[in-house]
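Listed next as structure tokens is one chain, alone, in the form predicted alone.
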Amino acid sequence: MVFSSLVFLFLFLAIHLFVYHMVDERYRNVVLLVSSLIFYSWGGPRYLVLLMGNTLASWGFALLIERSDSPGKRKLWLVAECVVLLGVLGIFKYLGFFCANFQAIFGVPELIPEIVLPIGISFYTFQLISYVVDVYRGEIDAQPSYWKLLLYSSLFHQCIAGPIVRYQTVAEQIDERRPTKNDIYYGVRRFSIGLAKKAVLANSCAAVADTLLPIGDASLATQTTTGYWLGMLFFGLQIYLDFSAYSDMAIGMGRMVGFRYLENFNYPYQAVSIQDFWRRWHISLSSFFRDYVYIPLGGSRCSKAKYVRNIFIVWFLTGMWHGASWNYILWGLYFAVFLLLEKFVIRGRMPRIAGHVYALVVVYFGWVLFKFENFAELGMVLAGMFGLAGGGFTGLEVHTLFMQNIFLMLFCFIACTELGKRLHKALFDAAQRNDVALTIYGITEAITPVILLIIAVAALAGASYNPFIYFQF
């Protein structure tokens, strides 16, 4: 079950919110936990046992760390936690990858294990590790109740696509939260924005990108140069709108029940450098690697050689986290190179506009590495983008798709900027001083979530329906 489905929207979420707000406050965590476990087990009940087992291990190790007087024992329990959780993650996510590479080099094993990846395992693994590490550091107290830690690790708002929520962010809210009417309204509004962003914009971009860049299809080799560039443009839009939409929906659903999750995306396509991009993109993941890998390795307060080592380790792991394939590792190391270039060569001397263009170009080609797991297809697309394609420079299909989706592109460009946020703030500020503006603001605030939900539901019901196709030259 995914957030952008009619079953989730009208069955699961509607029933959950109704029951949650009807029961006494004492039982709301129980309702939330039951809903989260039902949601997680929807895709396979056996993986619920894995989630509960990892949480049980983390709960036990955290208590052992807190109750141990010996620094050696505390470190031992911390290492045990990392070995258990990363070991489980490695088996499910990377065992097939390592076996395939070992087979390619040494010819064994004969059979590559096909292991289904449990949904959200990367997210809840990192959350539980951060929890135990924070207990080890003395930054938080260990949670004495197993079921409350399970509530934290299984919260359906963010367990499949983030953000990576740290325990210390929500520790107090687990025990004490009272959502106000404003919280509920904000949550509904934020969720509706995310749902529309996913159902209308991201899905439409995905349809165009998949048409122009059909992975595993022979027609990929005969695409035109402009087709490659346009396809990757739509893929870049899709991946941001998709990821940020899920974060919007997670933040909105959390707010509806009193949780205040931190922002996970801050308009990364407005970045003026690669460092700035990664301060804005998937913030919870970037901060996790910063606080639990980069800084413990020494960060930047070390020799130049160790700093370079730290950067490559962090970005190798960042690539690995995104998927068990060499293209993701290459993607991570690709960004490591540009971060080092900015640190030692560019050093902030690039003008802001030039920096923005440079960042967009680097990120754009980064998405090419990210999209194609097959290196033959990757090389084909890169060569085709620079005029070495078998299909020529352009063609009728590319021209038609561009004209059909020019308004979609325009709306997506706007959605990638702060324009909407700034207009909303400007109207809010005007409403404080002017009665007419206040009336307009009140009306727009009332109808915006409703309109967005209607548009999103229409798009989901129509599956491949693209409303922008009817606005073309």
Partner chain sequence: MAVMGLGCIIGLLFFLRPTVSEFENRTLTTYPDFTIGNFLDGTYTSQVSLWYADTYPIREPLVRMNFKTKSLYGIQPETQLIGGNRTSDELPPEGERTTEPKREHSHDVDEPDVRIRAEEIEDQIVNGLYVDAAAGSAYTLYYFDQGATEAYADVINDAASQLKGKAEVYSVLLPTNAGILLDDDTLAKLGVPNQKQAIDYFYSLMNDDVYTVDAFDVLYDHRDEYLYFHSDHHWTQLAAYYAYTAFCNTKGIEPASYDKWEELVFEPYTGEYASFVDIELAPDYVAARIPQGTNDMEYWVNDADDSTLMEGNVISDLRDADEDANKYNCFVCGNRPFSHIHNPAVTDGSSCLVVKDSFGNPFVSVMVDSYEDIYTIDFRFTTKKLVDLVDEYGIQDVIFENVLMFAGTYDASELLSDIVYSDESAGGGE
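Bear in mind that the values here come from a model prediction, so they are computed numbers and not experimental data. Residue numbers count along the first chain shown, from 1.
Only in words, not in the display: the form predicted in complex with its partner chain, which the text now covers.
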4.5 Å heavy atom contact, Tyr27 to its partner chain in the predicted complex
no
Indicate whether Pro214 is a 4.5 Å heavy atom neighbour of its partner chain in the predicted complex.
yes
Can Ile239 be called a contact residue for its partner chain in the predicted complex at 4.5 Å between heavy atoms?
no
Using the partner position in the predicted complex, report whether Ile440 sits within 4.5 Å of its partner chain, counting heavy atoms only.
no
Residue (of Gln103, Thr400, Gln270, Thr394) lying close to its partner chain in the predicted complex, criterion heavy atoms within 4.5 Å:
Thr400
Please identify the residue among Gln223, Thr125, Gln158, Thr318 with any heavy atom within 4.5 Å of its partner chain in the predicted complex.
Gln223
Partner-facing stretch of 60 to 68, 431 to 439, 413 to 421, 36 to 44, counted where any non-hydrogen atom is within 4.5 angstroms of its partner chain in the predicted complex
36 to 44
Which residues in 311 to 325 have a heavy atom within 4.5 Å of its partner chain in the predicted complex?
none
